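Form predicted alone, single chain, as structure tokens, below.
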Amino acid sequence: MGKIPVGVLGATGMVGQQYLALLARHPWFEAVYVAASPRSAGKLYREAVFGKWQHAASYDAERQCWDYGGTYAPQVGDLTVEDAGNVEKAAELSRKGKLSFVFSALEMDKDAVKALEERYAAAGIPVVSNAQANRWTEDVPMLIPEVNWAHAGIIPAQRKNRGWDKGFIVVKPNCSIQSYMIPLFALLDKGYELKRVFVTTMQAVSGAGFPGVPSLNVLDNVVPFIGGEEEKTEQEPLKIFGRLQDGKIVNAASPVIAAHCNRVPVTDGHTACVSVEFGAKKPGIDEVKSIWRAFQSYPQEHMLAMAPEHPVIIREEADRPQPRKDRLMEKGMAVTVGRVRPCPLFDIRFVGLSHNTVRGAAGGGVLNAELLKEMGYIG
């Protein structure tokens, strides 16, 4: 059986290149369609990205490790870049069975992205998005498979709400929350109420895209503001922890989250210092660690290619996790935690780390697509 043919919108950008690097040796998906802005349309892909950021990671199955200088599969370089706004071209391929779905790494104006993703879905093409445009659309699931895989069950209602046949939209959350959402959910899943969370993030420069933060602004410096990040960090978890009701996703009422988001001179890897207050039932430190070590979420009969064997990895060293040492754990898809200890203001505190352009961007999108395939929504 052949691989599932997929496309990447925004293919020449940083996240788009990361998608294509991760798809280069993917066991289920094959990139056959690349689309970007009109200025790149008509060029061969290798010409369109020549001299651009190509810092993506690809997994070497033979060596069982990640090649951090990885790039797209050779045949992708010979694909002609299409205009992402030409939905009919993609729809024609879809009707012929030559395109199953698209990953969206579009970097346009938010309203323009929202409208374009909806046009693809209306044309019968599922959209697995990295963009923020549809994160707050009430019938669009914002997925972290280990946390809220069941939210994919809203897809039939989304189609019914919009009058769509085969298309739909699924999004992944912001990269800033990936370093602590799985650890928090693991505790919530064991019956511990999360009342309040205080988080300070130290976010890598690659999170700003390419060319990113000017070097003279970030070298020897910490920038204590990232536009929109604190709002996303405080609000997106409530949708992810929410419930499906009457064809929409209803946000959870708690926890209350307060965030400080900072840009730091680190290439890749978002770090979060987190303090948590529980309800009346409070776990001890050993119990917290035991829950994290044992954590698995979505049904294990769905073995996903990008899924980490251990979603949460605990480091006991006093000075870990560190981005340079821990960001590529478990194919860059694990959350590494350390410094788990009592908190004098709340109940516990810890440091979490995740790879922002793998787990937090393209890798998270690929994992979402794998989940959707296993649940029968794409294929």
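Quick caveat, the model's predicted, so the values are computed rather than measured. All residue numbers are counted from 1 along the displayed sequence.
Heads up, the form predicted in complex with a small molecule isn't pictured, but that's what we're talking about next.
Q: Counting only non-hydrogen atoms, choose the one of 280-288, 163-171, 203-211, 246-254 that falls within 4.5 Å of the small molecule in the model of the complex.
A: Result for this chain: 203-211.
Q: Residue 322: heavy atom within 4.5 Å of the small molecule in the model of the complex?
A: No.
Q: Is residue 357 close enough to the small molecule in the model of the complex to count, meaning some heavy atom within 4.5 Å?
A: Residue 357: contacts the small molecule in the model of the complex.
Q: Answer yes if any heavy atom of residue 179 is within 4.5 Å of a heavy atom of the small molecule in the model of the complex; otherwise answer no.
A: No - in the model of the complex, heavy atoms of residue 179 and the small molecule never come within 4.5 Å of each other.
Q: Should residue 11 be counted as a contact of the small molecule in the model of the complex, where contact means heavy atoms within 4.5 Å?
A: Although the small molecule is absent here, residue 11 would touch it in the model of the complex, with heavy atoms inside 4.5 Å.
Q: Which residue, 106, 144, 121, 272, has a heavy atom that falls within 4.5 Å of the small molecule in the model of the complex?
A: It is 106.
Q: Identify, from the list 135, 114, 239, 151, the residue with a heavy atom within 4.5 Å of the small molecule in the model of the complex.
A: Contact residue from the list: 135.
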